[in-house]
Every structure is written in structure tokens, then in C-alpha cells.
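Shown here is one chain on its own, the form predicted alone, set out as C-alpha cells.
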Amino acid sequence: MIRHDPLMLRVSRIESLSPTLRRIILKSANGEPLPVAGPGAHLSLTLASPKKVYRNSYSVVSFSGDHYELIVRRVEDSRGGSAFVHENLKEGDLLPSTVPLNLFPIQVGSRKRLLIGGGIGVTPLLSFAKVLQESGDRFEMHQFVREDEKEVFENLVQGVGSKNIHIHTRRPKDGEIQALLEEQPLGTSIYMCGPDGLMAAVDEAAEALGWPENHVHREVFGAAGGKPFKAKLAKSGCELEVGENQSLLEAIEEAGVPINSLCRGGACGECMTSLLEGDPEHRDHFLNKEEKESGKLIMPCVSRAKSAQLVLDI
């Protein structure tokens, strides 16, 4: 079963920030107080189109007590969710949602926070920057964006009012991330969200410099696309075809087989499933190296198959 807490939201306002970015303001549909969304929290929304129901997670950029603010990018190769938000969502629409979930909170006790983002990965980092600025905590933020979106992102961070925010209109140069980490004082924690390549570069630099793993944090809403493959559900007796623009989790759900899920991005571990046969392509950030190498577990929300078929113990 998918865990959706009883929260119904109404689209109060939609604002176009750029051809590919929309700001969405969500309020309570029944006028009741909204659950608090702390920095790093996200909502998992149910988006119902005439053809399909999408369940997408979006970071809460800000929470003011009576509304949640989201910013959604129209992804070029969208599997449906972001396209729905940009093409079909209207002011006044009702959206079922989970309560705010937080797998990416600000950890206490850090001497400094280093925020590194790319593109729409700015959304959780904006919530961090606002709180850190208000509290007077030490932080530094580096955001990498396309040249044509520089002004948009400058406007997004303008409200934070911090001189510690740097907008880069290019990809990081070789060695630049490592040099940035070398400049940080002991006790600094990293928080990152963005393209896989950017986060991999941060991970590699942190590992090379000996940073403690518990000082490196990331927010991931993983992509599920890839080559089609087959999946057999041993206990349920189902055989599934997983399409190139479909996640294994979505295929299981569409077959009507109960399975837990929460973040839908490979970070929380809620959908972790035993794997009986097949060679998985791990894309999650939950299983450790040994667990992945064992080939006995898989996160269906983001991971796929290297082999023609996977056999799951469900």
C-alpha cells in the first residue's frame, strides 16, 4: 500500500517564473491548519490525468503557516508529472498529498553548512538558506545554472539577502569542487541537490579529502527511465513489462500488487524489496556498497535491471 496521509490541498496560485519553471502555492482545501514543513521537507502529490495517476515528490521551498510554496521544472523528457503540472494544473484544483516528509533535515552541531545545487536542485537549498540566514548560522551556497536562467535564479535567492550565495552560469571545472571543499573549516557539513554528475563530483571530492560520511547529505528524487525489462513477482504470480519511461515501482502498482513507498526517490528505504533472481542496476542512495554487491535487495522506485528479467520476492 502507498502511504498517503489524509491531506487535501488546493492550488491557490500558479506563477510562471520562466518557460520551464512554475511556482505553485498550495493551501488547505478545508481551511484547517497545515502541518509544519521544516527546511528540507517535501510533499508527495497525487496528480490525476485522464490517462494516468502520477505520484510525484516536490521540495517545499517555503512554508508560511497557511501555504506551501513549490517550484516545478518542466522536464524535457518528462514521464508525465512535470508535464501535467505545467500543462494541466490550474488554480483552484484539488490535490491529494502526504503530510510534509523530511529525509533531508538540517543537522545540528555543524560549524558551517556548505550548500551545493544544480538547476532545480535549488528548491530544498532555498529552504535551508532562508532558515540559516534568519538564525545567523554560518553557511555558503553555490548554485550552478544555465546562462539563460541566471536572472531567474538570482531573483529566487534575492529574498534570502545573503552575500554568501554564489550563482555560477556553467558546470564546475575540473578540480573546482575539491578546491571548494578544501577551503572549508573542520566541522562543515555539505548539503547538495542537483544532477547526478554534480553530486557524484561532490561525493568523489569529499571521499578523496576524507570527509566523514555523516557530514555529506543529499536530496534525491531519482529518475526511473531506461531500457525496458521484465519483472516477475514470485509470491503474487505476476509477470510485468516495465517500460522505458516507467519505474519498477509504478509497474508493480499498476498491477495492483501492494507495496510500501514513501519518497519515491531511492532515499528512504520504504520500498526496499528482496531480489531472488536477476542483475539489478542500483540507482538508490539508501543501500550501502555491500548490500548492492550482494544482489539480494532492490529499491523499485528508482532501480532497474541490467539483465532481461528480475524476480522479486513479493
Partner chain sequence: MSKSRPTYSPLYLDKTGKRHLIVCDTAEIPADALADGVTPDMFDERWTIAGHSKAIPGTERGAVADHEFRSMNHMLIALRRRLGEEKMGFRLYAVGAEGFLWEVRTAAIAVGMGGGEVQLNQVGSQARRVFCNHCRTITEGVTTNIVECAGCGAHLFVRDHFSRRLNAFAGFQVDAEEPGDIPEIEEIYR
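Residue numbers count along the first chain shown, from 1. Only a predicted model underlies this, so the values are computations on that prediction, with no experimental measurement involved.
Another form exists, predicted in complex with the partner chain; not displayed. Remarks below refer to it.
Taking 234, 200, 208, 94 one by one, only a single residue has any non-hydrogen atom within 4.5 Å of the partner chain in the model of the complex, and it is 208.
Interface residue among 130, 142, 73, 215, judged by heavy atoms within 4.5 Å of the partner chain in the model of the complex: 215.
With a 4.5 Å cutoff on heavy atoms, residue 147 does not count as touching the partner chain in the model of the complex; it lies far away. Remark: residue 111 counts among the residues lining the partner chain in the model of the complex, judged by a heavy atom distance of 4.5 Å or less.
Under a 4.5 angstroms non-hydrogen atom cutoff, the partner chain in the model of the complex lacks residue 204 among its neighbouring residues. At a distance threshold of 4.5 angstroms between non-hydrogen atoms, residue 228 is out of contact with the partner chain in the model of the complex.
Remark: of stretches 81-89, 239-247, 148-156, 180-188, the one touching the partner chain in the model of the complex is 180-188 (heavy atom within 4.5 Å).
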